[in-house]
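For reference, the chain that follows is the form predicted on its own, supplied as structure tokens.
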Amino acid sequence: MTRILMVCLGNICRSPLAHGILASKLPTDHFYVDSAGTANYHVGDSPDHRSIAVAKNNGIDISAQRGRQFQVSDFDTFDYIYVMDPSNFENVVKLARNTNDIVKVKLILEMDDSITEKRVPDPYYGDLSDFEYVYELLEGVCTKISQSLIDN
């Protein structure tokens, strides 16, 4: 089983959307997708209501997800760790024990060469349109990731 982890700051906006989108594109008998945050602000919380709404409007239910903090053991559990921005990347890599841990960590938007900005913007302080924009970014890159994973 291939295991993929999506990581953002609080695990209530971007990574739950990426988690839900990618999971919807992969067969559950061969792939497991989860999400986490680098901070512990929202451990145990549901995703932001706007993330839930945007996902639902696109046929994906993320309402059962719960926030959790990234742990060093995630390097052992997951094959791929996709982070939403350079700050998340730095925070995750700081916890790495060796180069094997580091090579698992990628900025998610690096997986799409057509996107020049490699930072998924944090929509938390924005409005619903900011969440919709993040959804569209993640939808495109998760399609590329899923195709790559399935083809391997």
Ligand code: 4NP
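Small disclaimer: the values here were computed from a predicted structure and weren't measured. All residue numbers are counted from 1 along the displayed sequence.
Only in words, not in the display: the form predicted together with 4-nitrophenyl phosphate (4NP), which the text now covers.
- For the chain shown alone, Asp122 is a contact residue for 4-nitrophenyl phosphate (4NP) in the model of the complex, at least one non-hydrogen atom being within 4.5 angstroms.
- When contacts are judged by a 4.5 Å heavy atom cut-off, Leu9 counts as touching 4-nitrophenyl phosphate (4NP) in the model of the complex.
- When contacts are judged by a 4.5 Å heavy atom cut-off, Lys104 does not count as touching 4-nitrophenyl phosphate (4NP) in the model of the complex.
- Shown alone here, Arg68 lies farther than 4.5 Å from 4-nitrophenyl phosphate (4NP) in the model of the complex, counting heavy atoms only.
- You can rule out all but one of 39 to 47, 90 to 98, 109 to 117, 25 to 33: in the model of the complex, only 39 to 47 has residues with a heavy atom within 4.5 Å of 4-nitrophenyl phosphate (4NP).
- With contact defined as any non-hydrogen atom lying within 4.5 angstroms of 4-nitrophenyl phosphate (4NP) in the model of the complex, the stretch 73 to 110 contains no contacting residue.
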